[in-house]
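So this first bit is one chain, no partners, the form predicted on its own, shown in structure tokens.
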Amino acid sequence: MRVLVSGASVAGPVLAYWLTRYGHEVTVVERSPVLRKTGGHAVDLFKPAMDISERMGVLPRIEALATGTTRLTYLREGTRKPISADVTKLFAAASDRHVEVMRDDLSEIYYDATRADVEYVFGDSITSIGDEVGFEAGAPRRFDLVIGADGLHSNVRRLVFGEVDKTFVGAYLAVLSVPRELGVPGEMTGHIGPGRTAAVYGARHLDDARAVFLFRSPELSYHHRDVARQKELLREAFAGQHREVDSWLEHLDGDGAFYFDSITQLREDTWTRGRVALVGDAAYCPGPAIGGSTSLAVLGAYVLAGELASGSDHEAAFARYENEMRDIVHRSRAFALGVAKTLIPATRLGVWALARGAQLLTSLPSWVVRPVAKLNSKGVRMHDSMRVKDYERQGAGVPAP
């Protein structure tokens, strides 16, 4: 089949890899004129996504570009003594296999794994989907299937599904590129208070550091492409938190990369219509930074490709894809709502409880933390509970040589 994929971030290239491996002809269209380097934040790959990446042959490169963060150090508003926690123990509780990597690096790794076998069209986007697919810049073309892997603000979803059910979690995420010397490789340092958290971190291979901001707010009025308004809102949210945070925000006036978005869940349970399907954040975003959306996107792309390669028509394959993903999507949504309340506590008592809980957990030996955590597959171990089927062993498609 000839398959068009919209979006070249994470889900798009992973889907393209597996579809090509199963013998399909794939084109990926991306609105950005080049592979996106948006100053993206660090993302987590849990065991299922790491297993899939290993099957793709890219895991060594991902691990080589891991951020290497091992420690969190935070100062609570109104206090002078910082608190610290061991990140390695926190993630050991959550997953048997985990890596933190910059989203930009991950996107580039998946792209490099596919660009020799996949047609990439940058600087264009889909305008209509009918017998032919219309584009802003290119001539109309025919495809058997169209897949939207174009994120929370998916263009494909808007064209085919219209308005869908969304839940605003009540918080916002922003990431800002700051000078490299402000971040210490291996450590995230920051400030936390009721309703807002700001931190900075670096990695040995980065030319800059990243400041990340999470804050609670009623839903704000702005366009998702209005960067000037987003920066204004961020300044207002963190005014007066700490002079160090003020110094990070001074770099909003520079030309460094910047990201800002609401933490919003998509609540629809149907991600296919006719010959169009959605995958990753375009389909079932549980909420940026809180629901393991990157690992979910990798798994979803792998499952969609596997089901399409498992025989029968695309409608049956789409139905199996939705059935395979529905339970883990539901659990990811529920998990994300809990994480949002925990990571951005609304009260001083909540801030104290978060800090104290992290300290207590990391003070325990690893041989105690991991077995206790494994008893709860719907909580911190939810990500590792995602099932990774071996589609090739089940006879899916014919692997490309």
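The first residue of the shown sequence is 1; numbering continues from there. Worth saying up front: this structure is predicted, and the values here are computed from it rather than measured.
Beyond what is shown, the protein has a form predicted in complex with a small molecule; the following relates to that form.
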{"property": "The small molecule contact at G183 in the predicted bound form, heavy atom, 4.5 Å", "result": "no"}
{"property": "Non-hydrogen atom contact R31 with the small molecule in the predicted bound form at 4.5 angstroms", "result": "yes"}
{"property": "Proximity of E268 to the small molecule in the predicted bound form, heavy atoms at 4.5 Å", "result": "no"}
{"property": "Any non-hydrogen atom of M325 within 4.5 angstroms of the small molecule in the predicted bound form", "result": "no"}
{"property": "All of S125, G280 and T294 with a heavy atom within 4.5 Å of the small molecule in the predicted bound form", "result": "yes"}
{"property": "Listed residue that, although the small molecule is not shown, lies within 4.5 Å of it in the predicted bound form (heavy atoms), from R103, R196, R275, K89", "result": "R103"}
{"property": "G190, P288, G306, G202 - the one with a heavy atom within 4.5 Å of the small molecule in the predicted bound form", "result": "P288"}
{"property": "Segment that reaches the small molecule in the predicted bound form - one of 111 to 119, 226 to 234, 142 to 150, 245 to 253, heavy atoms within 4.5 Å", "result": "142 to 150"}
